[in-house]
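Quick heads-up: it's one chain on its own, the form predicted on its own, in structure tokens.
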């Protein structure tokens, strides 16, 4: 069944997208020199096409001082989202079953952040326009809009494959069953001399992925027929018509827009970059056209705590050249972050402005911003937040890992299920109710992983890292 161009008869298994975290969006904008909300203060966040609510619930647990609202026109998704929020003990998130063109709760809010991920390119033109219209009317003056969309030229091959599968699929039946039949028909062509697949290896890889993944998820990707992939220039034009302009990429933290750059130059540069990288998707952050430039963007970035990736802390000199640092300064930079020092202390130690170093490290994924203002507690609280406890329960039941929400990170940490269970035990949790419903073999494996020696190794190896990340701040 397809409603408004989007499949609704099967449930989409939404995943958490780290780039949707407010701290990531704010840092991307501020690094581009554009004023943005400070996620350490109270804010309102809206996700359009929120699916089963996983992202919003993780964010709500990460940012207890903020309010979150999700909208989706699939009633099954909304029911799942509301159950997750209720079982997770989250009272700062709400969900609305509505279409984008007539959702009532959206315009009534003064919003700092709006995000739409995984659905924009599958919406029809009217609903794509509605996304920008809601942002134009609902965003605060310095608010940010985040859109993940299928982009050209990278998505061209996959889009052609999707259209072909739609044409050969049975006309009737449930979407996942129709997709299985279409994939079975197409499967023999992969790895043969079929010219489309030999000429378009991305499409061949995409077909193999569709055959390997759950058909229900793939049915959304393939049978939902909206506007299709977009060039950056087309997205720019839709945004400009509503008084919005792209300022940064959410996933790479790379600036897009500068105050003195003409639109034609920005479009040219981004189009050439898309051709060069040939990505299949973009995640762009938009602000109001003419938004005030951040008076001191580096001051915001320097006021944050930062987490350095373990490989950078253990081998700092290997990344010195990419940060334009000497080997000794690179070692000093990463060791200072590991010790919990902020940007100002790092600047004093380096004897030069640290903002360029932080920006370069963030763009390359070496460091991540932390939200917490307060020091990480020395010892974990013997309780688990309701959301993290329920996320662990779901993970064990579904054999999947729902992210661990952490207020200090303001985003998420994905730990293997066995480590999540060990963390639960270390913090005083009882495992009988969690392991009881599992089959005997799974229960035996987890019980073995909870031996005294395994728990002792976990305390020695993993807990220090979780302390530094501030993850243990939410265990209360």
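Please read these numbers as outputs of a predicted model, since none were measured by experiment. Numbering follows the first chain given and starts at 1.
The same protein also has a form predicted together with a small molecule, omitted here; what follows describes it.
Asker: Any chance residue 73 has a heavy atom within 4.5 Å of the small molecule in the predicted complex?
Answerer: Yes, residue 73 lies within 4.5 Å of the small molecule in the predicted complex.
Asker: Is residue 127 one of the residues lying within 4.5 Å of the small molecule in the predicted complex, judged by heavy atom distances?
Answerer: Output for residue 127 is yes: heavy atoms within 4.5 Å of the small molecule.
Asker: Is there a heavy atom of residue 49 lying 4.5 Å or less from a heavy atom of the small molecule in the predicted complex?
Answerer: Answer yes; at least one heavy atom of residue 49 falls within 4.5 Å of the small molecule in the predicted complex.
Asker: Find out whether any non-hydrogen atom of residue 14 is located within 4.5 angstroms of the small molecule in the predicted complex, and reply yes or no.
Answerer: Contact check for residue 14: yes, within 4.5 Å of the small molecule in the predicted complex.
Asker: Counting heavy atoms only and using a 4.5 Å cut-off, do 319, 329 and 359 all touch the small molecule in the predicted complex?
Answerer: The answer is no: none of the three residues contacts the partner (heavy atom, 4.5 Å cut-off).
Asker: Counting only non-hydrogen atoms, which stretch in 269 to 277, 249 to 257, 114 to 122, 228 to 236 is within 4.5 Å of the small molecule in the predicted complex?
Answerer: Only one stretch qualifies here: 114 to 122.
Asker: Select from the listed residues 83, 99, 345, 142 the one whose heavy atoms reach within 4.5 Å of the small molecule in the predicted complex.
Answerer: The option sitting close enough to the partner is 99.
Asker: If you check 305, 134, 77, 288 against the small molecule in the predicted complex, which one has a heavy atom within 4.5 Å?
Answerer: After the contact test, the surviving option is 77.
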